[in-house]
Structures are given as structure tokens and as C-alpha cells.
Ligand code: NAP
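Single chain ahead, by itself, as C-alpha cells, in the form predicted on its own.
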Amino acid sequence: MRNPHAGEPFDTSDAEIAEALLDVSIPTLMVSMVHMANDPEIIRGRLKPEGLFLNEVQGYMSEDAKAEVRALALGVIRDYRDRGCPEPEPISAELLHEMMAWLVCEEVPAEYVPMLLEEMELDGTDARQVKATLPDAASAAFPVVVIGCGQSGLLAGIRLKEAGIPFTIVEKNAGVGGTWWENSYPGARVDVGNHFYCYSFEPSDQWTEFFAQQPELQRYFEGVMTKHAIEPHVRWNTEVLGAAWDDESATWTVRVRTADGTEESLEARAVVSAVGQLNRPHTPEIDGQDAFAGPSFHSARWDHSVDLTGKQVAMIGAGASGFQIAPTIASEVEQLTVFQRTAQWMFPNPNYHEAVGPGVRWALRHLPFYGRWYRFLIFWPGCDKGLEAARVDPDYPDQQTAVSEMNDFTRQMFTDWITSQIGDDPDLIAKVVPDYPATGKRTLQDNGSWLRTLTRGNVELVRTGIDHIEADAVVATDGARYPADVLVYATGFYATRVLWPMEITGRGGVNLREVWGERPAAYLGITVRDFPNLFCMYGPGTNLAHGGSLIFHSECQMRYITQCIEELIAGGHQAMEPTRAKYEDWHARTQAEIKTLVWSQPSIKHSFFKNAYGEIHGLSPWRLVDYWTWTREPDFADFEMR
């Protein structure tokens, strides 16, 4: 059977091919040509990329060089087409490593190569799949409940089905997608390139934008759910209230509430939490907010029945959501007042709103391994480089504004970008340039739309705190009154309250919320001491602020979890939980490591990464390659098996 990544045969005309090549990533095209022509000399000559930067689309080469490559490619593709588009011959590991280094313009350390080859699936094998090997009767006696049907819960369902393990997914919403179901506010889009922000085993050649908007993302997950026939296993509009472990029967009793308010119980031998960290909206308590006469809502609960045309809109909060909302609605409202507590660092991404041309979609579908190499190309710049850039140099002076020489360079680069977009308005510059180290909070992306929005005559950025809200206005602490017809809270989520508000009771009646308090911890972010057969996806210490994507992490986690459940069944075990030594050592090492990174700097206030004590328990301080290695296969010596 033909490798699904080798491209579909085509009879496209020369003229149509030439037109398609105007859209594509030229460096990616060249490595695809190596496959088509079985000729590595294509990348050993003078034509090569001049560099690589995050969010690459067409390649950093001169226009003359690109034109020369397109002319060469037309001949190679024509020959490949006329030979009937045969499946290319396998390429040696040495040549693949050479192609990687050529494509990203630097050496790719050998320790990364196995991870990258697994991610790219050039052999057509989904190595993260755990195939069914257990007797049906044994598996049938081990039902699993998955909490949530966002990207990680859907993935859990797919992997459990492949392994032959029975499961039920419980989802509080009416459809699949999690954050991409709930966050339908104007302008909502992903900030990881879509050709990487999708399952490794389910790439898409249908993305219409390089950073897709919410409706397209939700449709992607819905399509994957349908393809893998997961929906019959999902209970929609059903919320998990809590779960309790019974040691004698080695089962979890999961309490759920349906849409009509009825409460039920589900029995499970294992529970997989796939609830995410950003699913409970946070609306701050402000004096007088209940007296506001007009529509008011959180960005994650956007009221699409409200017409903003010609309205005075006050938006409280200007983090990731506000960055996307403001540029989208500014042209239709009469007045937009944005209340921002802390300025945000951003890096320039000129392709943030760019459409994917038809030539790219043609190449993804037809050119051998084009899509897999492009996935690698956009993954690599965000693969651990951001982690080293975030490391604090303890000897660096004045760490209020930068934590290292590299961090100060980043600060200057970001500052130049910001000031270049807003002209010579000193008051606005003072408002939008942050006063803390670059990348110290979630770093946002901008193609200029946010900053240009702030220069509009009908938009005002207010950095003064809010004193109270009146029926038709927001009043700042300096007494200034800002009229409003509609109030939008873009104020984020309860990010540090992991698995909240569910009540999880473990062995001996231990309450998870009481055990964790403000300091949630899980071994590898997955398993918790005293809570047998409870597995977390996107658990404590696994949020990514330095690169990669949560889908990559989810795939690592679910392979690990599936193997754990298989061992429970195959070994005839009732329960497993991490040893106390492993659990405590992991948390201690993670905390020690996170404190060496910029996000923990005391100069950074009001970060959703931090708890009430200024500690960070949600972020991962580890390299992607290390986390991939640690989760590739469980070491059952790390667990107590009963």
C-alpha cells in the first residue's frame, strides 16, 4: 500500500504546476524534489535557504534564487508526473539527517533525530499508536472514563479505541473541540502554525490560513472525530462533578450531571482527565458590575446575539483574547475602550493573518513528503530554542528589565517592532512597551493589526485601574468615566486551579483539591500519588511557553497513558500510582528548574502562570526532546502496582 505521505498521483498540467509553485515554501519544495528525483545533489549545490525564522512560509532566499528553484522544480515534477508518480525509494537515515540540517540552516543534534523522524512519519508509520494486543475479554473488564472532548480528550478516545480498550468520553459542551468550541469570539485563532498544530497522524491539506481561525479549527477536530468514529463513545452536554476511588473494588465512581440536571454515576477502572487548564473563565469582581444595564459577557462565552455595530464597547483585559478581539471589532463599533492592566510583549509575525494559497494545498496533497517536511520546518525553530532564551543569567545586572544578554537583545528587537508600528506618539509608546523582561509572560503574536488598532481615532487604551462600573460606563481609579453600551471581559481563566471545580477523592478518602491547594503536581504531569489509575493530559507542569504545541505534548502523554493501562490489564493489576519518591522528586526538580527561567522572575507581576504565592506549577521547564524521551515508554519501577 502506498505511503499516505508520498503524495497522491496527479496529471496537473505544466502551466498549473508553475502557478502552484508561486505559493509554496521553496526550501520545502527542494527537499521534496530529493524524494521525487532520488537525487541528494539537489540540496548540495549553491541554491539553499539563507536562514530560518519562526513561522516560515516561502523561505528566506532571494527572489532570483526562488525563481531559479521553481524553474528547476518544474522539470523535476514534470518528469515525476510523466513516470506515473511512483512512490519514492526510502532514504537512508544519514541522508535524512543531512536534509534536516540543510532545511533549517544549522546542525540538528543527533539526540533530536529519532523524535523528529517519529513526528514526521516519513515511513508512513504512526509510531505513537499502541495497537490492540490484549484479549477482548480482558479489555472489556477495564472500562475507562475520559473527561473532556477537546483536542486531548479526542486523542485519548482515538488511542484507546486503537488499543481495544473500552471508553466513554464525558463532555460538558455540545460538541468537540474544547477551547475551539468555547472560544468563538471575533478574531479567535491559533498562534501555532496550523500545519504543526494538528495531530501528527492526521495532517490536513485543507487549511485556508496558516494560523486558522476558530470555526476552521473546530471543523478539523469534528472531521477527525467522524473519521475515527469516536462520537458514539461521547456523552455530550454532560459535566463531571467529581470522582471517587474505591480501594476494595479498584474502581472509580464518576459523578456526572446531564443537561436536564439529572445526576448519574459511571463506573470505571481508570480515569483520564483531559480537561485542560484554560476552560473555566475568570471574571474579576468589580464594584457595580451587576448594575451595568447593557449586555456583558466573558470572551469565552461570547454573546453572538449582540450587534456591536455603532456601539460603545468597553473591553476589560487585553491579553491573548483581547489582542484578537480588538482589531476584529474596531471598525464596526463607534468607540472601543480597552482596559489593560499590564502591557504585553509581542513578536512580529507577518503571516499571522495570511491565507494559504491554492498552490500550497496542491503541494501538500501531491508532492512527496512536502507536508511532512513543512511540518518539521515550522516545528524546529520553536523546538527548545525558546527554553534556552528564557534562562536567567544570575550574573546579569538589573534583572528588572532583562535576565540575560540574549533576553535583552530580544527586548530590544520587540521594542523596535512595537515602536515602528505606532509612530511618534510618546503617550501610546509608554502604554504599550512593557517594563518587565521579554517573554516573561505569554508572548503574543502580531502582524501589526493590534498596534494599528490602538492608533485608530475610535480606540482608546486605558492603563489606569478600574474603580467601579456604572449602568452605562466604566469609571477608572483617577475618576475618568468611559461610557459603554456593551461590556466584554477578556480576563482569562482560572489557569492555576487544575481539575477545578471537580471533587476528586483518592485512596483513603484523600481530597485532591486539599492535597494540591495552590501547588498542583503530577509525576511527568500525568500521574498523582494516592490517586490510583488517574491519568492527566495537559496536567500540572506540562503547559508550554517555550515552543512546541500542546498537541505534541498530548501525543506523548497519551502513548504513555495507553501503555500504563495496557500493563494494568495484561499484568492483572488492580491499580497503579507513582511511588512517593518519584512523585516528590519530580515535583522538586521541576520547581527547581522553573525558578531558573524568566517566567519566575519576581519583577513579573499579574502573570496567569503564577499562583497566589508567586510560584509556577503549570509550566513545563523541560526540553521537548527530554519530555518525549521520558514519556516514550513507562518505567514500571516508578510505580506501585497492586
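From 1 onward, residues are counted along the sequence shown. All figures in this text were calculated on a predicted structure; none of them were measured in a lab.
What comes next is about the form predicted in complex with the named molecule, which does not appear here.
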| property | result |
| --- | --- |
| Contact of G506 with the named molecule in the model of the complex (heavy atom, 4.5 Å) | no |
| Residue contact check: R46 to the named molecule in the model of the complex, 4.5 Å heavy atom | no |
| Partner proximity in the model of the complex: S321 to the named molecule, non-hydrogen atom cutoff 4.5 Å | yes |
| 4.5 angstroms heavy atom contact with the named molecule in the model of the complex for R219 | no |
| One residue of H366, K311, R128, R442 in contact with the named molecule, assessed in the model of the complex (non-hydrogen atom, 4.5 angstroms) | R442 |
| Contact assignment for the named molecule in the model of the complex, among R81, R559, R189, H97, heavy atom within 4.5 Å | R189 |
| Which of 606-614, 22-30, 590-598, 47-55 sits within 4.5 Å of the named molecule in the model of the complex, heavy atom basis | 606-614 |
| Contacts with the named molecule in the model of the complex, stretch 491-518 (heavy atom within 4.5 Å) | T491, G492, F493 |
